[in-house]
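One chain follows as structure tokens, the form predicted alone.
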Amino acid sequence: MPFDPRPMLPGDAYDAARRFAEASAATLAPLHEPAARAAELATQWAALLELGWPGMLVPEAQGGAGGTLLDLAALAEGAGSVALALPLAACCGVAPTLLAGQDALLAELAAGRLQPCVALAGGITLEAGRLSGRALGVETPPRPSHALLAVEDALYLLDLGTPGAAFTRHERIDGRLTLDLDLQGASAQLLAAEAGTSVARACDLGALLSCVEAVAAMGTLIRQTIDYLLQRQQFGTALASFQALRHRVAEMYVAWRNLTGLVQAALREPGWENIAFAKLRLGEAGRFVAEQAIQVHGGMGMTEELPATRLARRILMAEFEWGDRHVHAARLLAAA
């Protein structure tokens, strides 16, 4: 029986984001050279800036949309259903949360003139008023202008063109762009001397949006897996008729539904505990669904061109964004 996952946040925002992601995936599919893919992602990011997505959480007084968490989550769900390879959580959720109260910077962010990557996981130290150290695998927009850095309890804004700042770009297995940031005595603007609470809140928002994207990707992946089983035949019989495969898909569906319930609860009450439970479950359910989908597809599941492969990679990477299952399990245990 065909399966069509129902979105958690249906509406115009979800539909628009899904159409944008579908067009993005179609354009990227025939490109294999990293430089060509990066150039195309830059073009798509420019289009996304024109749509005003980075300003979704920015107040109208600073040129943003003045939207809510659910508005941004709807965009994330629509984009996640096709595994859009652009940093929505970091640039549209985490960055404006970190810049709350910085009216001039929020206006620059909403206008697309400020395009920061966000490095909050440590690795950077402050020595004599200058920043040194390395931050690896930082998710980034295609052409970042700045970096938002958490150093000890403080928050800094670093111009990536400043002396002492160097970075190397990479492409992750899910097609997203990252950079390795190397600082050697770089100067940066201090935004807040005591930003621990703000950084923690921003990280939780990033984790929640990653869960939303992953849930959407899992629903699409299950749909594609069922479609494959209905169409593919072996010995003149559709694979969907094999009981073992039907049971496998049923287990995938249960894992997805359980995670969806946790994410919906976190969207209703976005306290850190609800987000941590959802992120913890994502690490388990996401890996199970991704691995089972690839196995059910058989040899086809190992091909680069198969959309299911791209979705599976996105789901696997979502676990490690804004704290993996071990980080959130430790938080919950400490609170208990």
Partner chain sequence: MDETAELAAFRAEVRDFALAHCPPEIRAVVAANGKLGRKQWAPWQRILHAHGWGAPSWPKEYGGTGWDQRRRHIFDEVLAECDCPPQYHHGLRHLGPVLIAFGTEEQKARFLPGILSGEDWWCQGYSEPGAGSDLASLKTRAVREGEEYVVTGQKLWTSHAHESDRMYTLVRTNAEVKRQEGITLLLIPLNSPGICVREVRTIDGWHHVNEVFLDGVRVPVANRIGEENKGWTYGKFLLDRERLGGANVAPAFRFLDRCRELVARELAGPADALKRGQLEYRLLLAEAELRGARELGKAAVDAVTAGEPLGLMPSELKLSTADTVQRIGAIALDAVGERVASRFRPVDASGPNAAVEDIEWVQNFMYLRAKTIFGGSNEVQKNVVAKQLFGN
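Positions refer to the first chain, counted from 1. Note that the structure is predicted; figures quoted are calculated from it, not measured.
What follows is about the form predicted together with the partner chain, which we do not show.
Undergrad: Counting heavy atoms only and using a 4.5 Å cut-off, do N258, N274 and L280 all touch the partner chain in the predicted complex?
TA: Yes: each residue has a heavy atom within 4.5 Å of the partner.
Undergrad: Identify, from the list D174, D153, D180, E251, the residue with a heavy atom within 4.5 Å of the partner chain in the predicted complex.
TA: Of the listed residues, the single hit is E251.
Undergrad: To verify the annotation, which of these, A107, I226, L191, L131, has a non-hydrogen atom within 4.5 Å of the partner chain in the predicted complex?
TA: Residue within 4.5 Å of the partner: I226.
Undergrad: Please run the contact check for Q243 against the partner chain in the predicted complex: heavy atoms, 4.5 angstroms, yes or no?
TA: Contact check for Q243: yes, within 4.5 Å of the partner chain in the predicted complex.
Undergrad: Would A335 count as touching the partner chain in the predicted complex under a 4.5 Å heavy atom rule?
TA: Looking in the predicted complex, residue contacts with the partner chain do not include A335, since no heavy atom lies within 4.5 Å.
Undergrad: Using a 4.5 Å heavy atom cut-off, state whether H247 contacts the partner chain in the predicted complex.
TA: Yes, H247 sits close enough to the partner chain in the predicted complex that at least one of its heavy atoms falls within 4.5 Å.
Undergrad: In the predicted complex, is there a heavy atom of the partner chain that lies within 4.5 Å of any heavy atom of L230, even though the partner is absent here?
TA: L230: yes, in contact with the partner chain in the predicted complex.
Undergrad: Counting any heavy atom within 4.5 Å as contact, can you tell me which stretch out of 35-43, 50-58, 22-30, 266-274 lines the partner chain in the predicted complex?
TA: In short, 266-274.
Undergrad: Between 307-336 and the partner chain in the predicted complex, list the residues on our side with a heavy atom within 4.5 Å.
TA: The stretch 307-336, when checked against the partner chain in the predicted complex, contributes R325, H326, A329, L332, L333 at the 4.5 Å heavy-atom cut-off.
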